[in-house]
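Structure 1 and structure 2 below are the same protein chain in two forms, each given by itself as structure tokens.
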Structure 1
């Protein structure tokens, strides 16, 4: 099989299956695994796919900025926000991760609910100004893409908390490659909050399922309980 034919097949398989295992394709085509890996390497260099350990994934488009994400799937995010807010009970300590879907959780909270909301997102904290909720704003270095604080100061503050529920924001959810986000430092913050929390929930819209973060960091490589 010609190189161009193999690459066309690789593109078709990624579109159909959402992933490709180099060894399986090499066995199917009767070529060496090195040949397939070389194809994947060259295609990744040309911006045609994303290489991962043992194979490849479709190349995902880069994320829009925070302001643009606020306009994506607005109705679905509002519905998710209402469902998630219904899990929150008076007297609990809730940690809201950054993100436009989690902002809808804050907006859906009853204004008179006696609850404590911790967040490292200044935009979410601002949404709670007119609520009865006690608000704890975690500080640190501002990661402007997601509008959240990161770094050692944020980690230190998080380490002193024991949230009842953590609403985790993610960039992508994939059944094989797990939950991921687009920045290594942001991922470290998310893992730290989850480790301190009694329960973790993910409110995610449909377009995130079956995708991965091309330059990001894995939060879990399987689905959290």
Structure 2
């Protein structure tokens, strides 16, 4: 990403969100905080924004529902996404399962990280438009409840790859009943991906713990972390 584009993005973000956090943008763009701070300092000197501790504000504070936007993003999930994205290293082949939690991983991925992301979720693929990452879309019959491709076509495509890491999404996670998901066929897909992958991580927020999925299809009964 070019320097001038980054500054244009800062302006756009300020107009859209009414605020900007330096560290968050640094992580998102995959540059150091110093670089963002320098941008903000220079732009403030040019009178393009108002510099504040931790980030920047637009010159004339945008009135729109700042609070509403703030609530949209689930902080816990976003933090989890950021942490999970930290496990990903350049050059790896990553498989991202569907679900909102994994969507946060995709969004938290540094934009310039050179990795290959495979996914059978069209929504996650769409979230990766702005990233440098190569995206491999797995096709198949779309199971709309979870927005993931299923069926034999998906299984065949999965069988042809060996991901380094698989980020598994679950609907429920129980100390006794293990991981479970609502749909039988979806569970089969998840098992297939895990079988191909060197490592499998489960990204789930606390609310999922101790629950079971009513029509649950058991995935595993034990897992490392």
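Just so we're on the same page, rigid core means the largest C-alpha set that superposes within 1.5 Å between forms. All values derive from a computational prediction rather than experimental measurement. Numbering follows the first chain given and starts at 1.
Quick one: identify the form predicted in complex with another copy of the chain, either 1 or 2.
Answer to the question: structure 2 is the form predicted in complex with another copy of the chain, whereas structure 1 comes from elsewhere.
Post core alignment: residue 159 C-alpha displaced by 2 Å or more between structure 1 and structure 2:
Comparing the forms between structure 1 and structure 2, which are aligned on their rigid core, residue 159 does not shift its C-alpha by 2 Å or more.
2 Å or more on the CA of residue 33 between structure 1 and structure 2, with the rigid core superposed, yes or no?
Shift at residue 33: 2 Å or more after core fit.
Quick check: residue 50 between structure 1 and structure 2 - does its CA shift reach 2 Å or more after fitting the rigid core?
Residue 50: C-alpha displaced by 2 Å or more between structure 1 and structure 2.
How many Å does the Cα of residue 13 travel between structure 1 and structure 2 when the structures are matched on their rigid core?
Reported C-alpha shift between structure 1 and structure 2: 51.7 Å at residue 13.
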